[in-house]
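Before any questions on binding or motion, here is one chain by itself as structure tokens, the form predicted alone.
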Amino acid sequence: MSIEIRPITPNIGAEIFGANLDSESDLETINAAFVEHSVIAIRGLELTPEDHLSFARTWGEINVNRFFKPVDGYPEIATVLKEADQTSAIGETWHTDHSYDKAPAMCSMLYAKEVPDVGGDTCFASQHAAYLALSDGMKRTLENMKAWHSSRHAFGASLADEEAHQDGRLGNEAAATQDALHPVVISHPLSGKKCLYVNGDFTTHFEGWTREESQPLLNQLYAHCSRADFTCRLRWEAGTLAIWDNRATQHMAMNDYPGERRLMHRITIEGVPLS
């Protein structure tokens, strides 16, 4: 069976069928699809944790997550879990993984182990499409601006009373000390395309602006970044490996499956400083 790529929408996302992760030519095709579509979903895999790690290492150095509970025996793989009796889902608001790091993660690789029959999808938004849709005046305004991103308010001690911290899905609050300054508009390290780079979970304020001054424009950009015409919605199946580009996308996990279990394994790949 030859590899097949099916775009999900014109702006973002593609499904990949018939991929052989041991094939050098298939890996080249997968990498090219990642750069072109920003989110790829490789269907029909049966990956052990060793397989997942081996594939991830072909992409780069693995970033060991500071805050997620690791898979037993595999510290480089984070557990993304919602039990049937839990009410909150991790990542259920629009965000960009690791934007609080000085060299933000290149990509995240999420492998579906157990999924609900219906629900539990992940939505993705193209930040290149979001940039292109801005007015010329807004593009000029944002072009030389920078914004601060932080892990402190998202993973820090102030959240210790929340469900995901109480039940152990998230932890290590004392390690939430990361602050990073990034351009509001970046040139993508692989494609060179311009992308908006702010997100509601981790961006705190613009450089040289107060938080109060920053919030109205940030809120406007957050709403713009997740416009429906910039998005795709990925329906999970057990055995799907999704890889998304954290420099070109935002994503949001749908929390619409009460009373059901959803278990995923995530590996994150190191990136480079943004400009």
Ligand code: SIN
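Predicted model only: the values in this text are computed from it and were never measured. Throughout, we count residues from 1 along the sequence that is shown.
Beyond the structure shown, there is the form predicted together with the ligand, which is absent from this document and is the topic of what follows.
Here the chain stands alone, but in the model of the complex its contact with the ligand, taken as any heavy atom within 4.5 Å, falls in 89-97 among 111-119, 89-97, 181-189, 69-77.
For the chain shown alone, Arg261 is not a contact residue for the ligand in the model of the complex, no non-hydrogen atom being within 4.5 angstroms.
Contact check for Ala253: a non-hydrogen atom falls within 4.5 Å of the ligand in the model of the complex. Looking at Phe230, you'd find every heavy atom of it more than 4.5 angstroms from the ligand in the model of the complex.
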